[in-house]
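Just the one chain here, laid out as C-alpha coordinates, in the form predicted alone.
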Amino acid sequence: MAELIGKIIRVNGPVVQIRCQSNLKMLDMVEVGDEKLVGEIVRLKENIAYAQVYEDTTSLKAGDPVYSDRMPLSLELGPGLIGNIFDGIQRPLEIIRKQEGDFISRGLHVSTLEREKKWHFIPLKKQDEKVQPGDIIGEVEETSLIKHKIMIAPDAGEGILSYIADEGDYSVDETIAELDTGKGKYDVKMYHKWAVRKQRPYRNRIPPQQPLITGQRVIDALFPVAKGGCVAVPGGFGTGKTVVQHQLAKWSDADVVVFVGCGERGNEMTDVLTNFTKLVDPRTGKLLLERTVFIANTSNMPVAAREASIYTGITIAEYFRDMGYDVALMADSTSRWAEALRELSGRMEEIPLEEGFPAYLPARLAEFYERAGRVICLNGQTGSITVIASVSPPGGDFTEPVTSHTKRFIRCFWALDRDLAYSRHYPAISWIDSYSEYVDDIKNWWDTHTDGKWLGHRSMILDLLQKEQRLQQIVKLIGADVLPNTQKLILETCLLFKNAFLQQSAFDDTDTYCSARKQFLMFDAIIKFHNKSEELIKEGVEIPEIRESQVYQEIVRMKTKYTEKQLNELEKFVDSIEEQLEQLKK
(Lines give C-alpha, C1' and ligand atoms only; values in the text may rest on other atoms or scores of the structure.)
Protein backbone atom coordinates (compact mmCIF):
# COMPACT_ATOMS: atom_id res chain seq x y z
CA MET A 1 0.00 0.00 0.00
CA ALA A 2 1.21 3.49 -0.85
CA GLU A 3 1.93 5.72 2.16
CA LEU A 4 2.09 9.50 2.45
CA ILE A 5 5.75 10.49 2.03
CA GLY A 6 5.58 14.27 1.60
CA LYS A 7 4.00 17.27 -0.08
CA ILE A 8 4.60 19.22 -3.26
CA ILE A 9 6.53 22.48 -2.86
CA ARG A 10 7.00 23.36 -6.55
CA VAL A 11 5.72 22.29 -9.98
CA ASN A 12 7.86 22.93 -13.07
CA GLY A 13 6.18 21.25 -16.02
CA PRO A 14 6.60 17.47 -15.65
CA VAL A 15 9.14 17.94 -12.80
CA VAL A 16 7.73 18.17 -9.27
CA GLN A 17 9.70 19.07 -6.12
CA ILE A 18 8.64 17.24 -2.97
CA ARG A 19 9.44 17.98 0.66
CA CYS A 20 9.89 14.49 2.10
CA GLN A 21 8.66 13.33 5.49
CA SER A 22 10.56 10.03 5.24
CA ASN A 23 13.53 8.61 3.40
CA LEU A 24 13.17 7.80 -0.30
CA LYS A 25 15.45 6.05 -2.79
CA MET A 26 16.38 7.06 -6.31
CA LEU A 27 13.94 5.72 -8.92
CA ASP A 28 11.18 5.04 -6.37
CA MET A 29 7.71 5.32 -7.88
CA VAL A 30 5.44 8.04 -6.48
CA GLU A 31 1.79 8.97 -6.85
CA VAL A 32 1.41 12.74 -6.98
CA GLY A 33 -1.60 14.83 -5.95
CA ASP A 34 -5.14 13.83 -5.13
CA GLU A 35 -5.48 12.16 -8.55
CA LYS A 36 -2.36 10.07 -7.81
CA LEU A 37 -0.48 10.83 -11.02
CA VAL A 38 2.33 8.36 -11.68
CA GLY A 39 5.92 9.65 -11.27
CA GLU A 40 9.46 8.58 -10.49
CA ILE A 41 12.15 10.00 -8.20
CA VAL A 42 15.07 11.25 -10.32
CA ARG A 43 17.02 13.38 -7.81
CA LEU A 44 17.45 13.61 -4.04
CA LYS A 45 18.89 16.64 -2.24
CA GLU A 46 18.72 16.65 1.54
CA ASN A 47 15.00 16.41 2.33
CA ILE A 48 13.90 17.54 -1.14
CA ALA A 49 13.06 14.98 -3.84
CA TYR A 50 12.59 15.69 -7.54
CA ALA A 51 10.10 13.50 -9.40
CA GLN A 52 9.37 13.35 -13.10
CA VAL A 53 5.65 12.81 -13.62
CA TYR A 54 4.47 10.65 -16.51
CA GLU A 55 1.15 12.44 -16.89
CA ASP A 56 -0.12 15.98 -17.46
CA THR A 57 0.65 18.02 -14.32
CA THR A 58 -1.94 20.73 -14.98
CA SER A 59 -3.80 21.69 -11.77
CA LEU A 60 -1.10 20.30 -9.44
CA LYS A 61 -0.16 22.84 -6.77
CA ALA A 62 2.06 23.32 -3.76
CA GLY A 63 0.79 21.44 -0.73
CA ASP A 64 -0.70 18.52 -2.66
CA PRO A 65 0.11 15.14 -1.09
CA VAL A 66 2.60 12.62 -2.54
CA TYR A 67 2.40 8.88 -1.92
CA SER A 68 4.83 6.03 -2.54
CA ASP A 69 5.06 2.27 -2.07
CA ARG A 70 8.89 2.58 -2.29
CA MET A 71 9.20 0.39 -5.37
CA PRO A 72 10.86 1.35 -8.68
CA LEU A 73 9.00 1.74 -11.97
CA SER A 74 8.36 -1.90 -12.90
CA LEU A 75 6.65 -3.86 -15.64
CA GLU A 76 4.32 -6.82 -15.39
CA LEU A 77 5.87 -9.56 -17.53
CA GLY A 78 3.64 -12.49 -18.41
CA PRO A 79 1.11 -13.86 -20.92
CA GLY A 80 -0.87 -11.17 -22.73
CA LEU A 81 1.99 -8.99 -23.97
CA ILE A 82 2.01 -10.23 -27.58
CA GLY A 83 -0.30 -8.35 -29.94
CA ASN A 84 -1.02 -5.71 -27.32
CA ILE A 85 -0.29 -1.97 -27.44
CA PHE A 86 0.97 -0.14 -24.36
CA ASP A 87 1.94 3.42 -23.57
CA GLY A 88 5.40 4.40 -22.30
CA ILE A 89 4.74 3.09 -18.76
CA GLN A 90 2.98 -0.11 -19.89
CA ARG A 91 -0.63 0.92 -19.56
CA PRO A 92 -2.73 -1.14 -22.06
CA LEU A 93 -4.20 1.39 -24.47
CA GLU A 94 -6.79 -0.94 -26.00
CA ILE A 95 -8.25 -1.79 -22.57
CA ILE A 96 -8.22 1.92 -21.62
CA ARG A 97 -10.06 2.80 -24.83
CA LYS A 98 -12.80 0.29 -24.04
CA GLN A 99 -13.14 1.60 -20.47
CA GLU A 100 -12.55 5.33 -20.87
CA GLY A 101 -12.95 6.19 -24.56
CA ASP A 102 -10.37 7.74 -26.89
CA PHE A 103 -8.56 9.82 -24.23
CA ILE A 104 -6.62 8.69 -21.16
CA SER A 105 -7.95 10.18 -17.92
CA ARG A 106 -5.41 11.66 -15.51
CA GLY A 107 -4.41 9.35 -12.68
CA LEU A 108 -5.89 6.32 -14.38
CA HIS A 109 -4.59 3.02 -12.95
CA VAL A 110 -5.27 -0.08 -15.04
CA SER A 111 -3.82 -3.57 -14.72
CA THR A 112 -1.35 -4.22 -17.49
CA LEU A 113 -2.31 -7.87 -17.98
CA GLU A 114 -5.89 -9.11 -18.12
CA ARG A 115 -6.78 -10.59 -14.73
CA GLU A 116 -9.89 -12.52 -15.79
CA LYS A 117 -8.51 -14.28 -18.87
CA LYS A 118 -7.59 -17.94 -18.44
CA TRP A 119 -4.41 -19.37 -20.00
CA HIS A 120 -3.81 -23.07 -20.58
CA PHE A 121 -0.76 -23.90 -18.46
CA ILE A 122 1.41 -26.95 -19.20
CA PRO A 123 3.90 -27.78 -16.40
CA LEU A 124 7.44 -28.72 -17.43
CA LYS A 125 8.82 -29.33 -13.92
CA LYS A 126 7.74 -31.73 -11.18
CA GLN A 127 7.07 -31.30 -7.49
CA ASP A 128 10.18 -31.51 -5.27
CA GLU A 129 12.41 -30.67 -8.24
CA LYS A 130 15.21 -28.17 -7.63
CA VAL A 131 14.99 -24.93 -9.66
CA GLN A 132 17.09 -21.80 -10.05
CA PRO A 133 16.33 -18.21 -11.12
CA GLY A 134 15.38 -18.11 -14.80
CA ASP A 135 14.39 -21.78 -15.01
CA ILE A 136 11.34 -22.56 -17.15
CA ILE A 137 8.69 -24.39 -15.12
CA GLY A 138 5.89 -24.42 -17.69
CA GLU A 139 4.53 -22.87 -20.85
CA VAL A 140 1.43 -21.20 -22.22
CA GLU A 141 0.45 -20.95 -25.88
CA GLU A 142 0.10 -17.17 -26.06
CA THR A 143 -0.36 -17.17 -29.86
CA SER A 144 0.02 -19.82 -32.55
CA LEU A 145 3.57 -18.52 -33.11
CA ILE A 146 4.79 -17.91 -29.55
CA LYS A 147 5.02 -20.40 -26.70
CA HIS A 148 5.13 -18.18 -23.62
CA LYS A 149 7.51 -19.82 -21.18
CA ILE A 150 6.77 -19.31 -17.49
CA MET A 151 10.03 -18.64 -15.67
CA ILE A 152 11.21 -18.33 -12.10
CA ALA A 153 11.90 -14.60 -11.65
CA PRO A 154 15.64 -13.75 -11.80
CA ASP A 155 15.49 -12.28 -8.27
CA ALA A 156 13.49 -15.14 -6.69
CA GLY A 157 16.41 -17.27 -5.52
CA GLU A 158 16.90 -21.01 -5.92
CA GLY A 159 15.05 -23.73 -4.06
CA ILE A 160 12.70 -26.71 -4.25
CA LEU A 161 9.27 -26.70 -5.90
CA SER A 162 7.06 -27.67 -2.99
CA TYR A 163 4.01 -27.41 -5.28
CA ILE A 164 3.33 -27.07 -8.99
CA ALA A 165 -0.12 -26.86 -10.57
CA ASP A 166 -1.48 -29.57 -12.84
CA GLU A 167 -2.11 -28.87 -16.50
CA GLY A 168 -5.16 -26.64 -16.83
CA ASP A 169 -6.54 -23.15 -17.25
CA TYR A 170 -5.39 -20.43 -14.84
CA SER A 171 -5.42 -16.64 -14.65
CA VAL A 172 -2.18 -14.68 -14.22
CA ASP A 173 -3.06 -13.94 -10.58
CA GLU A 174 -3.37 -17.58 -9.55
CA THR A 175 -0.43 -19.32 -7.89
CA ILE A 176 0.85 -22.06 -10.20
CA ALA A 177 3.84 -23.09 -8.08
CA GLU A 178 5.40 -22.61 -4.66
CA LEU A 179 9.14 -22.29 -4.24
CA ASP A 180 10.77 -23.25 -0.96
CA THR A 181 14.02 -21.26 -0.84
CA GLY A 182 14.98 -22.39 2.66
CA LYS A 183 14.23 -18.90 3.92
CA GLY A 184 10.51 -19.06 3.28
CA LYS A 185 7.86 -19.75 0.66
CA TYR A 186 7.76 -17.88 -2.65
CA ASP A 187 4.53 -17.93 -4.67
CA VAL A 188 5.14 -18.30 -8.40
CA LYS A 189 2.52 -16.83 -10.72
CA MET A 190 2.40 -16.67 -14.49
CA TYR A 191 3.82 -13.14 -14.35
CA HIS A 192 6.45 -11.34 -12.36
CA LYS A 193 7.53 -7.73 -12.04
CA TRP A 194 10.86 -6.27 -13.13
CA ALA A 195 12.28 -2.74 -12.81
CA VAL A 196 12.61 -1.14 -16.27
CA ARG A 197 15.98 0.51 -15.63
CA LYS A 198 17.59 -2.68 -14.33
CA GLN A 199 19.18 -5.01 -16.86
CA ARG A 200 17.96 -8.60 -16.62
CA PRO A 201 20.81 -10.98 -15.73
CA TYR A 202 22.24 -13.72 -17.96
CA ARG A 203 25.06 -16.27 -17.76
CA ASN A 204 27.41 -14.85 -20.36
CA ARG A 205 27.50 -12.94 -23.61
CA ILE A 206 28.50 -14.75 -26.82
CA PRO A 207 29.57 -13.40 -30.21
CA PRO A 208 26.87 -12.86 -32.86
CA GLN A 209 27.16 -15.36 -35.72
CA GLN A 210 23.88 -15.34 -37.63
CA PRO A 211 22.50 -12.45 -39.70
CA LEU A 212 19.11 -10.94 -39.06
CA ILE A 213 17.52 -11.48 -42.47
CA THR A 214 15.35 -8.43 -43.08
CA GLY A 215 14.17 -9.09 -46.62
CA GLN A 216 15.65 -5.74 -47.69
CA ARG A 217 18.41 -6.29 -50.24
CA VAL A 218 20.54 -3.22 -49.54
CA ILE A 219 20.69 -4.25 -45.87
CA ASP A 220 21.18 -8.00 -46.08
CA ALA A 221 23.60 -8.00 -49.01
CA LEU A 222 25.70 -4.88 -48.35
CA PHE A 223 25.26 -3.72 -44.74
CA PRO A 224 24.03 -6.72 -42.74
CA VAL A 225 23.32 -6.78 -39.02
CA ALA A 226 23.83 -9.87 -36.87
CA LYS A 227 21.24 -11.14 -34.44
CA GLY A 228 22.26 -9.47 -31.20
CA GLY A 229 23.68 -6.39 -32.94
CA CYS A 230 22.96 -2.68 -32.75
CA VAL A 231 22.05 -0.46 -35.71
CA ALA A 232 21.55 3.27 -36.04
CA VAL A 233 19.33 4.56 -38.86
CA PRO A 234 19.95 8.32 -39.10
CA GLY A 235 18.28 10.55 -41.64
CA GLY A 236 16.69 13.94 -42.11
CA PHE A 237 12.98 14.61 -42.41
CA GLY A 238 11.31 12.62 -45.18
CA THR A 239 14.18 10.22 -45.87
CA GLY A 240 12.22 7.13 -44.83
CA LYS A 241 13.44 6.18 -41.33
CA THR A 242 10.01 5.05 -40.18
CA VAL A 243 9.31 3.17 -43.43
CA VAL A 244 12.60 1.24 -43.07
CA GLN A 245 11.69 0.26 -39.51
CA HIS A 246 8.17 -0.70 -40.54
CA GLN A 247 9.61 -2.98 -43.24
CA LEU A 248 12.01 -4.58 -40.77
CA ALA A 249 9.27 -5.06 -38.18
CA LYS A 250 7.13 -6.74 -40.84
CA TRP A 251 9.64 -8.98 -42.57
CA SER A 252 12.70 -9.63 -40.38
CA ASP A 253 13.22 -13.22 -39.25
CA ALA A 254 13.19 -12.35 -35.55
CA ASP A 255 10.95 -14.53 -33.39
CA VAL A 256 9.49 -11.54 -31.54
CA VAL A 257 9.35 -7.87 -32.56
CA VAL A 258 9.01 -5.03 -30.03
CA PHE A 259 8.11 -1.79 -31.79
CA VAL A 260 8.60 1.39 -29.74
CA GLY A 261 7.07 4.56 -31.18
CA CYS A 262 8.90 7.15 -29.10
CA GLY A 263 7.76 10.72 -29.71
CA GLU A 264 6.73 10.11 -33.32
CA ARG A 265 3.53 11.32 -34.99
CA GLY A 266 0.38 9.49 -33.99
CA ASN A 267 -0.68 8.83 -37.58
CA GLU A 268 2.49 6.78 -38.12
CA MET A 269 1.70 4.49 -35.20
CA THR A 270 -1.89 4.26 -36.43
CA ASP A 271 -0.58 3.14 -39.81
CA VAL A 272 1.54 0.43 -38.15
CA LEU A 273 -1.34 -0.87 -36.04
CA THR A 274 -3.78 -0.83 -38.96
CA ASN A 275 -1.39 -2.70 -41.27
CA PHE A 276 -0.21 -5.29 -38.77
CA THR A 277 -3.71 -6.65 -38.25
CA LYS A 278 -3.72 -7.73 -41.93
CA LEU A 279 -0.10 -8.65 -42.71
CA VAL A 280 0.94 -12.28 -43.02
CA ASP A 281 4.38 -13.56 -41.98
CA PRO A 282 6.06 -14.96 -45.14
CA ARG A 283 7.84 -17.66 -43.10
CA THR A 284 4.86 -19.05 -41.18
CA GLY A 285 1.75 -17.91 -43.02
CA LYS A 286 0.38 -16.53 -39.71
CA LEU A 287 -0.46 -12.93 -38.85
CA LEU A 288 2.55 -10.80 -37.90
CA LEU A 289 0.49 -9.47 -35.00
CA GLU A 290 1.03 -12.84 -33.31
CA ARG A 291 4.70 -12.10 -32.63
CA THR A 292 4.68 -8.32 -32.05
CA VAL A 293 4.46 -6.04 -29.00
CA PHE A 294 3.75 -2.33 -29.46
CA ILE A 295 4.85 0.55 -27.22
CA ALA A 296 3.23 3.82 -28.30
CA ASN A 297 4.30 7.11 -26.80
CA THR A 298 3.46 9.62 -29.50
CA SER A 299 4.48 13.27 -29.67
CA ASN A 300 1.28 14.51 -27.98
CA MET A 301 1.78 12.28 -24.92
CA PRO A 302 3.63 13.50 -21.79
CA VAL A 303 7.34 14.02 -22.42
CA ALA A 304 8.47 12.20 -19.25
CA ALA A 305 6.74 8.99 -20.33
CA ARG A 306 8.62 9.27 -23.63
CA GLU A 307 11.87 9.00 -21.69
CA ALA A 308 10.59 5.83 -19.98
CA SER A 309 9.22 4.18 -23.13
CA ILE A 310 12.66 3.12 -24.42
CA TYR A 311 13.35 1.27 -21.15
CA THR A 312 9.90 -0.31 -21.24
CA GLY A 313 10.62 -1.66 -24.72
CA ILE A 314 14.08 -3.05 -23.94
CA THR A 315 12.85 -4.72 -20.71
CA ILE A 316 10.07 -6.54 -22.59
CA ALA A 317 12.65 -7.53 -25.23
CA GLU A 318 14.93 -8.96 -22.50
CA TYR A 319 12.02 -10.94 -21.08
CA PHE A 320 11.38 -12.73 -24.39
CA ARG A 321 15.13 -13.13 -24.93
CA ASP A 322 15.28 -15.04 -21.64
CA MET A 323 12.83 -17.56 -23.11
CA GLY A 324 15.37 -18.31 -25.85
CA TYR A 325 13.85 -16.14 -28.58
CA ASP A 326 15.59 -13.83 -31.07
CA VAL A 327 14.03 -10.42 -30.47
CA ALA A 328 14.18 -7.34 -32.70
CA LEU A 329 13.60 -3.99 -30.97
CA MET A 330 12.61 -1.08 -33.24
CA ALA A 331 13.06 2.28 -31.52
CA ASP A 332 11.61 5.21 -33.46
CA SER A 333 13.26 7.48 -32.61
CA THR A 334 16.08 7.85 -30.09
CA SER A 335 16.37 11.55 -30.97
CA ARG A 336 12.92 12.19 -29.52
CA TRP A 337 13.99 10.24 -26.44
CA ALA A 338 17.13 12.38 -26.16
CA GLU A 339 15.00 15.52 -26.53
CA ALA A 340 12.89 14.31 -23.59
CA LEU A 341 16.11 13.91 -21.57
CA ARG A 342 17.09 17.45 -22.55
CA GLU A 343 13.75 18.92 -21.50
CA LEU A 344 13.70 17.12 -18.16
CA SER A 345 17.33 18.08 -17.52
CA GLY A 346 16.49 21.73 -18.20
CA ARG A 347 13.51 21.58 -15.86
CA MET A 348 15.82 20.32 -13.11
CA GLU A 349 18.26 23.19 -13.85
CA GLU A 350 21.20 20.92 -14.70
CA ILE A 351 24.17 22.41 -16.53
CA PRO A 352 23.73 21.77 -20.28
CA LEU A 353 26.49 20.79 -22.69
CA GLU A 354 26.46 20.70 -26.50
CA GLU A 355 23.14 21.82 -28.00
CA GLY A 356 21.54 21.80 -24.55
CA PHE A 357 21.76 18.05 -24.02
CA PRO A 358 22.71 16.87 -20.51
CA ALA A 359 26.25 15.69 -19.76
CA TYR A 360 24.99 12.16 -19.13
CA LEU A 361 23.57 11.71 -22.67
CA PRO A 362 26.44 9.40 -23.81
CA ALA A 363 26.08 7.33 -20.62
CA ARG A 364 22.33 6.90 -21.17
CA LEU A 365 22.88 5.88 -24.81
CA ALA A 366 25.56 3.38 -23.77
CA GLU A 367 23.27 2.02 -21.06
CA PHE A 368 20.53 1.42 -23.62
CA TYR A 369 22.61 -0.15 -26.41
CA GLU A 370 24.50 -2.30 -23.90
CA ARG A 371 21.29 -4.23 -23.24
CA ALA A 372 21.34 -5.62 -26.79
CA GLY A 373 23.38 -8.72 -27.59
CA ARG A 374 23.38 -12.48 -27.97
CA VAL A 375 23.56 -14.27 -24.64
CA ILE A 376 23.27 -17.59 -22.86
CA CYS A 377 20.38 -17.03 -20.46
CA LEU A 378 20.16 -18.18 -16.84
CA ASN A 379 18.22 -21.26 -17.96
CA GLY A 380 20.84 -22.25 -20.56
CA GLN A 381 18.77 -21.07 -23.55
CA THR A 382 20.44 -18.90 -26.19
CA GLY A 383 18.59 -15.70 -27.04
CA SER A 384 19.34 -12.35 -28.62
CA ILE A 385 18.15 -8.76 -28.80
CA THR A 386 18.85 -6.79 -31.97
CA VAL A 387 18.35 -3.03 -31.52
CA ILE A 388 17.45 -1.02 -34.62
CA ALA A 389 17.14 2.61 -33.56
CA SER A 390 16.35 5.52 -35.84
CA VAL A 391 17.97 8.92 -35.24
CA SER A 392 16.45 12.20 -36.45
CA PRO A 393 19.31 14.72 -36.69
CA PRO A 394 18.02 18.27 -37.29
CA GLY A 395 18.63 19.23 -40.91
CA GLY A 396 20.18 15.82 -41.61
CA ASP A 397 23.40 16.86 -39.81
CA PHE A 398 25.15 13.64 -38.76
CA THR A 399 27.62 15.58 -36.59
CA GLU A 400 24.96 16.60 -34.05
CA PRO A 401 25.36 15.11 -30.53
CA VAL A 402 22.82 12.25 -30.60
CA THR A 403 24.09 10.82 -33.90
CA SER A 404 27.79 11.30 -33.13
CA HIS A 405 27.51 9.75 -29.65
CA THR A 406 25.35 6.88 -30.96
CA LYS A 407 28.08 5.92 -33.44
CA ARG A 408 30.33 5.12 -30.48
CA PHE A 409 28.04 2.33 -29.29
CA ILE A 410 26.84 0.66 -32.50
CA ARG A 411 28.57 -1.45 -35.15
CA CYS A 412 26.17 -0.94 -38.03
CA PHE A 413 25.19 2.39 -39.59
CA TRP A 414 22.47 2.79 -42.24
CA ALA A 415 22.78 6.44 -43.32
CA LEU A 416 19.68 7.67 -45.15
CA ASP A 417 20.42 10.05 -48.00
CA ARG A 418 18.09 12.95 -48.75
CA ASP A 419 19.00 13.07 -52.45
CA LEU A 420 18.14 9.38 -52.85
CA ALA A 421 14.84 9.87 -51.04
CA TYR A 422 13.89 12.90 -53.12
CA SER A 423 14.68 10.97 -56.31
CA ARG A 424 12.22 8.27 -55.16
CA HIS A 425 14.95 5.69 -54.51
CA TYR A 426 13.83 3.60 -51.52
CA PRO A 427 15.20 2.39 -49.21
CA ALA A 428 17.26 5.59 -49.32
CA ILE A 429 20.27 3.97 -47.60
CA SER A 430 23.51 5.53 -48.84
CA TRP A 431 26.00 2.92 -50.05
CA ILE A 432 28.78 5.49 -49.57
CA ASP A 433 28.14 6.63 -45.98
CA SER A 434 26.78 3.38 -44.51
CA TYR A 435 28.86 0.58 -43.03
CA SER A 436 28.59 -2.71 -41.14
CA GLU A 437 31.18 -4.25 -38.83
CA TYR A 438 29.26 -7.54 -38.60
CA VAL A 439 30.42 -8.86 -41.99
CA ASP A 440 33.19 -11.05 -40.57
CA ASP A 441 30.88 -12.34 -37.80
CA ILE A 442 28.23 -13.62 -40.22
CA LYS A 443 30.45 -14.56 -43.17
CA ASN A 444 30.31 -18.26 -42.34
CA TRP A 445 26.50 -18.24 -42.44
CA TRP A 446 26.44 -16.69 -45.89
CA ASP A 447 29.23 -18.97 -47.11
CA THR A 448 27.20 -22.07 -46.25
CA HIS A 449 24.18 -20.65 -48.12
CA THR A 450 26.03 -19.28 -51.19
CA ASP A 451 28.93 -21.70 -51.80
CA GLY A 452 31.38 -19.18 -50.40
CA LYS A 453 30.62 -16.50 -53.00
CA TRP A 454 28.82 -13.84 -50.97
CA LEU A 455 31.80 -12.01 -49.49
CA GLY A 456 33.57 -11.80 -52.85
CA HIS A 457 30.44 -10.54 -54.60
CA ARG A 458 29.89 -7.92 -51.88
CA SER A 459 33.49 -6.68 -52.03
CA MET A 460 33.35 -6.46 -55.81
CA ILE A 461 30.12 -4.48 -56.00
CA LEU A 462 31.18 -2.06 -53.24
CA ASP A 463 34.42 -1.49 -55.14
CA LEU A 464 32.45 -0.79 -58.33
CA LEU A 465 30.19 1.67 -56.46
CA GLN A 466 33.24 3.52 -55.12
CA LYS A 467 34.74 3.71 -58.64
CA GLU A 468 31.39 4.88 -60.03
CA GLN A 469 31.29 7.76 -57.53
CA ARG A 470 34.70 8.96 -58.71
CA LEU A 471 33.74 8.54 -62.38
CA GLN A 472 30.58 10.60 -61.85
CA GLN A 473 32.78 13.55 -60.88
CA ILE A 474 34.59 13.25 -64.22
CA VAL A 475 31.30 12.87 -66.12
CA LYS A 476 29.99 16.09 -64.58
CA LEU A 477 33.05 17.95 -65.87
CA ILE A 478 33.61 16.52 -69.37
CA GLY A 479 30.77 14.09 -70.09
CA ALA A 480 30.61 10.31 -70.38
CA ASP A 481 31.56 10.07 -74.06
CA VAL A 482 35.29 10.52 -73.40
CA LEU A 483 35.45 7.57 -71.02
CA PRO A 484 36.84 4.24 -72.25
CA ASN A 485 34.32 1.40 -72.63
CA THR A 486 35.57 -0.39 -69.51
CA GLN A 487 34.72 2.67 -67.40
CA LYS A 488 31.41 3.14 -69.20
CA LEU A 489 30.60 -0.44 -68.24
CA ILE A 490 31.23 0.39 -64.58
CA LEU A 491 28.70 3.22 -64.83
CA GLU A 492 26.23 0.91 -66.60
CA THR A 493 26.63 -1.94 -64.11
CA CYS A 494 26.22 0.39 -61.11
CA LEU A 495 23.12 1.96 -62.64
CA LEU A 496 21.72 -1.53 -63.21
CA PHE A 497 22.62 -2.55 -59.65
CA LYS A 498 20.94 0.52 -58.15
CA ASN A 499 17.72 0.10 -60.14
CA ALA A 500 17.46 -3.68 -60.23
CA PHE A 501 18.84 -4.54 -56.79
CA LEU A 502 19.18 -1.65 -54.33
CA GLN A 503 15.84 -0.02 -55.14
CA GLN A 504 12.97 -1.95 -53.56
CA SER A 505 9.27 -1.17 -53.45
CA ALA A 506 7.40 -1.61 -50.19
CA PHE A 507 4.10 -1.47 -52.11
CA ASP A 508 4.83 -4.28 -54.58
CA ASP A 509 3.66 -7.66 -53.29
CA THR A 510 6.59 -9.48 -54.92
CA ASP A 511 9.32 -6.92 -54.24
CA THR A 512 8.48 -5.89 -50.68
CA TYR A 513 10.21 -8.98 -49.26
CA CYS A 514 13.26 -10.71 -50.73
CA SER A 515 14.59 -13.95 -49.22
CA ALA A 516 18.31 -14.57 -48.75
CA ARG A 517 18.35 -17.06 -51.63
CA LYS A 518 16.65 -14.66 -54.05
CA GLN A 519 19.00 -11.86 -52.98
CA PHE A 520 22.04 -13.95 -53.76
CA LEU A 521 20.68 -15.09 -57.13
CA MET A 522 20.03 -11.45 -58.09
CA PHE A 523 23.50 -10.52 -56.80
CA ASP A 524 25.03 -13.35 -58.82
CA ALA A 525 23.14 -12.32 -61.96
CA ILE A 526 24.55 -8.79 -61.90
CA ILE A 527 28.10 -9.96 -61.15
CA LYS A 528 27.97 -12.48 -64.01
CA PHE A 529 26.56 -9.80 -66.29
CA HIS A 530 29.43 -7.44 -65.46
CA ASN A 531 32.21 -10.03 -65.77
CA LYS A 532 30.93 -11.38 -69.11
CA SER A 533 30.36 -7.85 -70.43
CA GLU A 534 34.00 -7.02 -69.65
CA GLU A 535 35.08 -9.95 -71.81
CA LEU A 536 32.78 -8.88 -74.65
CA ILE A 537 34.06 -5.29 -74.61
CA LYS A 538 37.61 -6.55 -75.06
CA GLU A 539 36.38 -8.45 -78.11
CA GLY A 540 34.77 -5.35 -79.67
CA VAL A 541 31.15 -5.44 -78.46
CA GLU A 542 29.79 -1.93 -77.79
CA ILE A 543 28.03 -0.74 -74.62
CA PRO A 544 24.71 0.10 -76.44
CA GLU A 545 24.53 -3.49 -77.73
CA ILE A 546 24.90 -4.84 -74.18
CA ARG A 547 22.36 -2.37 -72.80
CA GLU A 548 19.76 -3.28 -75.43
CA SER A 549 20.22 -7.03 -74.98
CA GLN A 550 17.42 -9.26 -73.72
CA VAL A 551 19.56 -10.25 -70.73
CA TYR A 552 19.86 -6.64 -69.56
CA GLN A 553 16.08 -6.17 -69.69
CA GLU A 554 15.52 -9.46 -67.87
CA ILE A 555 17.87 -8.42 -65.03
CA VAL A 556 15.98 -5.14 -64.64
CA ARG A 557 12.68 -7.03 -64.27
CA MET A 558 13.83 -9.97 -62.14
CA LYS A 559 13.01 -8.37 -58.77
CA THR A 560 9.29 -8.21 -59.61
CA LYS A 561 9.05 -11.04 -62.16
CA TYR A 562 10.17 -13.94 -59.96
CA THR A 563 8.22 -14.67 -56.77
CA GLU A 564 9.63 -16.68 -53.85
CA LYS A 565 7.99 -19.77 -55.37
CA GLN A 566 9.77 -19.25 -58.72
CA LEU A 567 13.37 -19.15 -57.53
CA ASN A 568 14.28 -22.28 -59.48
CA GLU A 569 13.32 -20.43 -62.67
CA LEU A 570 15.43 -17.46 -61.55
CA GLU A 571 18.36 -19.78 -60.93
CA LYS A 572 18.04 -21.17 -64.47
CA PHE A 573 18.06 -17.63 -65.85
CA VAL A 574 21.20 -16.75 -63.85
CA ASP A 575 22.94 -19.86 -65.16
CA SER A 576 22.08 -18.84 -68.75
CA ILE A 577 23.32 -15.22 -68.57
CA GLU A 578 26.81 -15.86 -69.87
CA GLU A 579 25.53 -18.04 -72.70
CA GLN A 580 22.96 -15.43 -73.78
CA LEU A 581 25.53 -12.63 -73.71
CA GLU A 582 27.93 -14.75 -75.74
CA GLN A 583 25.49 -14.48 -78.65
CA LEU A 584 26.24 -10.73 -78.94
CA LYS A 585 29.57 -11.64 -80.55
CA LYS A 586 27.83 -13.09 -83.63
Partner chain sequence: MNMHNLRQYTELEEIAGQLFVIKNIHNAGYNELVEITEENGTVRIGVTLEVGEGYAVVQVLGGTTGLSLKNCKIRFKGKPLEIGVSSDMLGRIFDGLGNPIDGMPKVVPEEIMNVNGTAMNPTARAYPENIIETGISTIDVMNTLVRGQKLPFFSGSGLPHDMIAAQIVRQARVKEEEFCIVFAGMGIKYDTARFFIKSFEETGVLDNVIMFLSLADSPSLTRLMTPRFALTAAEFLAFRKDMHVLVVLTDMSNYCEALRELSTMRGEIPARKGYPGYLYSDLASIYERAGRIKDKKGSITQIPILTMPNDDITHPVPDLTGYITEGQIVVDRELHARGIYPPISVLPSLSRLMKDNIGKGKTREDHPGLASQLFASYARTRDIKSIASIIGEEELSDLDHLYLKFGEEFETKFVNQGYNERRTLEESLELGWDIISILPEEELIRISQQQIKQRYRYKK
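Numbering follows the first chain given and starts at 1. This one's a predicted model, so the numbers in the text were calculated from it and none came from an experiment.
The same protein has a further form, the form predicted together with its partner chain, not shown here; the description that follows concerns it.
Colleague: In the model of the complex, is there a heavy atom of its partner chain that lies within 4.5 Å of any heavy atom of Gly228, even though the partner is absent here?
Modeller: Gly228: no, not in contact with its partner chain in the model of the complex.
Colleague: Using 4.5 Å between non-hydrogen atoms, is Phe237 touching its partner chain in the model of the complex?
Modeller: Taking the distances in the model of the complex, the answer for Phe237 is yes, it comes within 4.5 Å of its partner chain.
Colleague: Determine whether any heavy atom of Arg321 comes within 4.5 Å of a heavy atom of its partner chain in the model of the complex, and answer yes or no.
Modeller: Contact check for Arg321: no, nothing within 4.5 Å of its partner chain in the model of the complex.
Colleague: Do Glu468 and its partner chain come within 4.5 Å of each other in the model of the complex, heavy atoms counted?
Modeller: Because no heavy atom of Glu468 falls inside 4.5 Å of its partner chain in the model of the complex, the answer is no.
Colleague: At 4.5 Å between heavy atoms, only one of the stretches 425-433, 128-136, 363-371, 311-319 reaches its partner chain in the model of the complex; which one is it?
Modeller: After filtering at 4.5 Å, what remains is 425-433.
Colleague: Thinking of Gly215, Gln247 and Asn531 as the candidate spot, does its partner chain come within 4.5 Å of a heavy atom on all of them in the model of the complex?
Modeller: Zero of three within 4.5 Å in the model of the complex.
Colleague: Can you work out which of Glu290, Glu76, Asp271, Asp173 has a heavy atom no more than 4.5 Å from its partner chain in the model of the complex?
Modeller: Exactly one listed residue reaches within 4.5 Å, namely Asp271.
Colleague: Out of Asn204, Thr277, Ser459, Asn300, which one falls within 4.5 Å of its partner chain in the model of the complex, going by heavy atoms?
Modeller: In short, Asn300.
Colleague: Taking heavy atoms and a 4.5 Å limit, what residues of 52-66 are near its partner chain in the model of the complex?
Modeller: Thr57, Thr58, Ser59, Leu60, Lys61, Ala62, in sequence order.
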